[in-house]
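Below you'll find only one chain, the form predicted on its own, shown as C-alpha cells.
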Amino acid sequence: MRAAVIRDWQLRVDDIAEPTPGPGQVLTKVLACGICGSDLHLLQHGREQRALAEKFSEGLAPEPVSMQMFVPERDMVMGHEFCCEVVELGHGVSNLTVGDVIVSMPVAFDHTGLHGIGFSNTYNGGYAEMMVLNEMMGIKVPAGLPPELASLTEPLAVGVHAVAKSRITTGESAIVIGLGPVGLACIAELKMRGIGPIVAADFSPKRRALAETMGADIVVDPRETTAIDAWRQADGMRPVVIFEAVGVPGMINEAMRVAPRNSRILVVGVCMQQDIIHPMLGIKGELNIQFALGYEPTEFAAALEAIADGKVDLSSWITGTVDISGVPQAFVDLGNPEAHAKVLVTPH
C-alpha cells in the first residue's frame, strides 16, 4: 500500500506492507486523516525530542503502563486524526462489522503493550491507505456525518480536554493565544460551555477570521493590540484563564508576564524545544500553570457527538485535501497560515 513515511527524518512516499489485524482488531481503509501541527513539529524537531525523552527518563522507574517509544532508525507513518471504514475483522471481533465507519483514539494495544498510532514503528497512522485499529477503541460515526468532519474529532477533543483541565467556569473569561487548530478547538469548546468574553490573538488574518467563526468575541492582531489589553478594555474584572496554544519558546514566559494576579495559564501548545521561564513572574503573581496533553476517552466521544449533533461547525477548518503523494508538499504548505488551517489526507 502507499504511505507517506518518515525515513531518516525525511518524509517520503513509498510502498509498504499492508498491515494485518490481530485478535480483537480490525483492518480499516483510511477515508480521511488530518495533518496535525505536532506532526510538522515532529519532523522538524523529532531527533531532539527523542534524545530529550531518553535523557529525562534516566534513573526513573518505568511507569506501569506506558507507550512504546518509536525507534528513529526504523520507518514510521504518522497521522493520528483519522476516520476509517472497516474492511476486515480480526479474530474475536463482534461489535464492529465490515462497512462500519469509525473513529478511534490513536492508541493500539496487543501482547507487546501500548502503541501510539502515528508515533509507532508497529502501527502506522493515517498517512497510508490502510490501518489496523483495536475494536475496543473504535467509535461508530453517526450516519450522515461526512468522514472529513468525523476526522476532526481528535483535534476538537484536544480543546475539550484543555478547557476541562483549565477548570474554567461560567463567570470567568478566556484569552486564547495562537489560533491554529488547537487554539480554535479551545475556542469552540469555550463557546459551547458559554464562556465569555473570549479574546483571541494571532498574527494571521486567516486564523483570526476562523476564530471569529468558532465564536471568539474579540479577535486581535498582537502587532496592533495585545490580547491582555483587549481583555482589559472588554472586561478586566472577571477572573481570566489564558490558553497558550502557540507552542514556541518564550510563549509561556510571556503569558506569565502579562497574566493578572492569581490567574491561571493553560499550556496546550506543544513546544518540542527547550524553553526558559522566570519563576519570579509566577511567584509575584501567584499564578497557576497547568499543562494539558491529549484527552480522556469520554472527551473524545463528546467531541464526536458535538460534531455530529451540530453543536459546533468545523467545516471552515478544512482548507485543502491531498492524496498520499501530496503529503510532503502539504507539510510545506502548512507552514503558511494564510494558505491553510487543516489539510486532510484522503488516500482513496
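Just so it is clear, the structure is predicted and the values come from calculations on it, not from any experiment. Start at 1 with the first residue shown and count on from there.
Only in words, not in the display: the form predicted in complex with a further copy of the same chain, which the text now covers.
J.: Decide whether His91 counts as a contact residue for a further copy of the same chain in the predicted bound form under a heavy atom distance cut-off of 4.5 Å.
T.: The answer is no: His91 has no heavy atom within 4.5 Å of a further copy of the same chain.
J.: Under a 4.5 Å heavy atom criterion, is Pro279 part of the interface with a further copy of the same chain in the predicted bound form?
T.: The answer is yes: Pro279 has a heavy atom within 4.5 Å of a further copy of the same chain.
J.: Are any of the heavy atoms in Asn262 no more than 4.5 Å from a heavy atom of a further copy of the same chain in the predicted bound form?
T.: Flag for Asn262 set to yes.
J.: Answer yes if any heavy atom of Gly138 is within 4.5 Å of a heavy atom of a further copy of the same chain in the predicted bound form; otherwise answer no.
T.: Answer no; every heavy atom of Gly138 is more than 4.5 Å from a further copy of the same chain in the predicted bound form.
J.: Give a yes or no on whether each residue among Asn253, Lys284 and Leu287 has a heavy atom within 4.5 Å of a further copy of the same chain in the predicted bound form.
T.: Each of the three qualifies.
J.: Any idea which of 245-253, 99-107, 170-178, 143-151 reaches within 4.5 Å of a further copy of the same chain in the predicted bound form, heavy atoms considered?
T.: Contact criterion met by 245-253 only.
J.: Since exactly one of Ile35, Ala292, Leu31, Leu314 fits, which has a heavy atom within 4.5 Å of a further copy of the same chain in the predicted bound form?
T.: After the contact test, the surviving option is Ala292.
J.: Counting any non-hydrogen atom inside 4.5 Å, which residue from Arg193, Arg238, Arg74, Arg232 sits next to a further copy of the same chain in the predicted bound form?
T.: Answer to the contact question: Arg232.
J.: Using a 4.5 Å cut-off on heavy atoms, what residues in 5-40 are near a further copy of the same chain in the predicted bound form?
T.: The stretch 5-40, when checked against a further copy of the same chain in the predicted bound form, contributes no residue at the 4.5 Å heavy-atom cut-off.
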